[in-house]
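What follows is a single chain, given as structure tokens, in the form predicted alone.
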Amino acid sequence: MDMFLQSLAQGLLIGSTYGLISLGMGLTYSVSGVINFAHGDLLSLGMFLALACFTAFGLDPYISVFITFPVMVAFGALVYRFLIRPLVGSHVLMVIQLTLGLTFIVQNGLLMTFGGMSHRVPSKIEADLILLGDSVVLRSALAVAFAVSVALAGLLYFVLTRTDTGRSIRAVHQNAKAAALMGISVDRVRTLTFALGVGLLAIAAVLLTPGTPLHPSQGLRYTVISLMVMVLGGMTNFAGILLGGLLFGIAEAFGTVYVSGTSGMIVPYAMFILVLLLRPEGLLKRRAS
């Protein structure tokens, strides 16, 4: 029972960060219809920016977010404006090829800058532990990641439902042509949304960085996880995406604990296939009548 509770708690904590990463992809897709296959590599870029801040200024990754967040938002806006926007409305393979090309550019740029060895970014709370009851031990870094992810999800919900900017984003999501007729700048909203999605990656990057080995090729794993979680959530259902992230994290934790060897890594992917077969429309979407 103790092992079960420990695995459940570990899965919930890491799953919340998966949900936050996937929210960035889901937010972009819901407004522009673009699936960014460089998503995980942009997350990796954020992690290496945190490494650069530590190397240059000795900043804790949680402090470096005040530098990496605006840098990543600006980078996301530039990527959308000059690379993705010209291809919006083109065949979907064009955008896929573009973002895959961006993947290789980011990976090789990181490889040339930081080398092929794994790196670490230490944090003051990296080794701290939290004891829940008598049997559940949590890493403080994961607890912080969980709290920040939940808080950001709540903030995103507030922005989307209670602000003019959020209403513009939802209007473009529901019907871009009607939104344009109502005076909303669709291009500005899409640029802002893509930049915000990349900015979320900067925050997720500093939450994952403590205790995580960094390597330039790690981005593909996070891209695959983000795609799977987004599909689990129903592509554009933000609550479903968060739930999908938690479910994926729990499956990963239980697979690691209860399945011997590397076979445990198959568990979350098997769970994904099972859910896809039973609920192809997503975890929280209603079936078409």
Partner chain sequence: MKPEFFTLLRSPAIWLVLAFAATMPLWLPPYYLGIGVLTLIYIAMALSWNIVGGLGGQISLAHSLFLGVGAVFTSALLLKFGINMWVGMLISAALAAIMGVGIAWVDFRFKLGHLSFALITLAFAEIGELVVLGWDFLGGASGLYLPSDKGDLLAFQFGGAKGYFWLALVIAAGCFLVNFAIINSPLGYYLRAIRDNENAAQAVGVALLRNKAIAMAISAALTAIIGTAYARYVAFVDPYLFASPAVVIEVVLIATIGGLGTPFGPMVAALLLVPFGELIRGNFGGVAPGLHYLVYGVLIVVVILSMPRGLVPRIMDVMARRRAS
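Positions refer to the first chain, counted from 1. As the structure is a computational prediction, the values presented were derived from the model and not from experiment.
Not on display, but discussed next: the form predicted together with its partner chain.
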Exactly one stretch in 109-117, 191-199, 207-215, 151-159 has heavy atoms within 4.5 Å of its partner chain in the model of the complex; which is it?
109-117
In the model of the complex, does residue 138 come within 4.5 Å of its partner chain, counting heavy atoms only?
no
If you check in the model of the complex, is residue 78 within 4.5 Å of its partner chain, heavy atoms only?
no
Whether residue 259 contacts its partner chain in the model of the complex should be assessed with a 4.5 Å heavy atom distance threshold; does it?
no
Does its partner chain come within 4.5 Å of any heavy atom of residue 220 in the model of the complex?
yes
In the model of the complex, which of the listed residues (74, 147, 100, 125) lies with a heavy atom within 4.5 Å of its partner chain?
100
Within 4.5 Å, heavy atoms only, which of 35, 52, 67, 251 is in contact with its partner chain in the model of the complex?
35
Is its partner chain in the model of the complex near all of 12, 14 and 121, within 4.5 Å of a heavy atom of each?
no
Members of 65-101 lying within 4.5 angstroms of its partner chain, judged by heavy atom, in the model of the complex:
82, 83, 86, 87, 91, 92, 93, 94, 96, 97, 98, 100, 101
